[in-house]
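Coming up is one lone chain in structure tokens, specifically the form predicted on its own.
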Amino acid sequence: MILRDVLAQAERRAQLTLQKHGELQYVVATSKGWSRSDLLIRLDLPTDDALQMSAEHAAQQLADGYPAEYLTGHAAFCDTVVRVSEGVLVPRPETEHLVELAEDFIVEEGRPSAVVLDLCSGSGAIALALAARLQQVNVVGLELDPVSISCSRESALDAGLSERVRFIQGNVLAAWDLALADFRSRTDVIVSNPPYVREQRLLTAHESSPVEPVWALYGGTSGMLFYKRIIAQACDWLRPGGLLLLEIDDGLEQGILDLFERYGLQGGHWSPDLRGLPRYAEARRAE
């Protein structure tokens, strides 16, 4: 059987949606070490039984809700590739703009050796992308989940960034002194994409990707659980003029701006994503 027919048969048997067809091709190509063009030129060539079985298995996993990144073990993010496995939230494209905002601040403020804290660092994608783009920046990621910590540390080694990027296991909701004492009043940027899905949206969010960890999504009843802790402590860790940068959920923007004001952060504002929805919020510690 030629590869084109193998893929089509696997898609039919698993009842894959049209969107998932491209994901199946990506998974199969990656498993063989092929590029997209490599796969295309092989579509009319015969395959062996092993590849047919692999395609069938991958198609069924995709149909069951597994992200393609779980099947390949890697996710592309900005200019980097990070390791992911089951239990680790796959980084989303919209989070790449958070990296761009942090990079712009560091460059425009003339802080080439900036210290950055990435809170709720997950896969480590934000931390690694920033360090890859800015050659003198040092980044520390704080993450509670041990599987995510393991993946992010391996990604740092893969990218040759482990000297400038560290990942520490710790609870963002607890006292930061336990894990981040060395960075008190020394941090140029705090960046975070924390769990922010509020209770009324949690079921829908989980159904859209049922295999990913729900704890990495849930931000408490109102969605504000992590923001309250991060914003309350930010001024104690930022240098004067330092930036707090958050990814947010739409509908939370006013509550976050109110917290900025309550805890003495200045210039608080939010900006939209490509759909026009509130997605990023930032404020600074006073000079």
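Note that the structure is a prediction, hence the values are computed from the model and not measured. For every residue, the number given is its place in the sequence shown, counted from 1.
The next section is about a form of this same protein that is not shown, the form predicted together with a small molecule.
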item: Leu180, heavy atom within 4.5 angstroms of the small molecule in the predicted bound form; value: no
item: Contact flag, Asn193 vs the small molecule in the predicted bound form, heavy atom cut 4.5 Å; value: yes
item: Contact flag, Val197 vs the small molecule in the predicted bound form, heavy atom cut 4.5 Å; value: yes
item: Partner proximity in the predicted bound form: Asp158 to the small molecule, non-hydrogen atom cutoff 4.5 Å; value: no
item: Stretch from 166-174, 150-158, 73-81, 211-219 whose residues place a heavy atom within 4.5 Å of the small molecule in the predicted bound form; value: 211-219
